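Here you get one chain, nothing else, as structure tokens; it is the form predicted alone.
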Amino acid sequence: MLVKVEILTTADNSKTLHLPELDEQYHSKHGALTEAEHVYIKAGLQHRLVSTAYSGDLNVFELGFGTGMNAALTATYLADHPEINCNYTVIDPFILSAQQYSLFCEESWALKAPFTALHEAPWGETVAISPNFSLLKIHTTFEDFRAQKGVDLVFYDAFGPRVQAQLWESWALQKCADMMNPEGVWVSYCAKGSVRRGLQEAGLSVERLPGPPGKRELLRATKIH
């Protein structure tokens, strides 16, 4: 569990957590909700579903559960898409306490989602959160994680390279590529040149797209073969 976190209201009036010891936020100070919707829902989830007229099982992997925002937004979006059966796996070595995650219960995005159920779901067990959204939270590091099934969509939401440099190195990006099914999509807010090159070296086709407020670009990568 993180020793100390502080609540921070971002530019779009949504909240995130600030880690004073690392001088890092869980989401962008330029807009936590705006960033998550722009990067992970629009450039990630919506793109993955529309690009192949997707239906059936969708295996999503997220690196970093945090406040649960990406999972909540995904469950909310898929509530209107019963043709998709989402298996959502997320790993995180840090677990927020009930006191910490309850700070977000009244956020607009949390009110629309089964927010409490996402956080109260036991770690290490697959839990049906809604008719078409199952959640598996694993308390581990990416170094120790082993995927049990192919992944169709990767939400790569680690802390930035300044704080978690090892998670942006070639081995981690290659691991993502190895986990992905053909036509699988990887998406992240980070557009650092070394990350783009690492994704390309892992055999993925990489796009640089307009980023959310405060970010010029984001990266999206697709497994072509």
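Since the structure is predicted, the reported quantities are computational estimates derived from the model, not experimental observations. Position 1 is the first residue in the sequence shown; the rest follow in order.
Keep in mind that the form predicted in complex with a small molecule is not shown, yet the notes after this line are about it.
In summary, among the residues E125, E143, E83, E106, the only one with a non-hydrogen atom within 4.5 Å of the small molecule in the predicted bound form is E143. Comparing 193 to 201, 42 to 50, 174 to 182, 158 to 166 against the small molecule in the predicted bound form, the single stretch with non-hydrogen atoms within 4.5 angstroms of it is 158 to 166. Mapping the unseen interface onto this chain, M69 counts among the residues with a heavy atom inside 4.5 Å of the small molecule in the predicted bound form. Heavy atoms of G64 reach within 4.5 Å of the small molecule in the predicted bound form, making it an interface residue. Contact annotation: P93 falls within 4.5 Å of the small molecule in the predicted bound form, judged by heavy atom distances.
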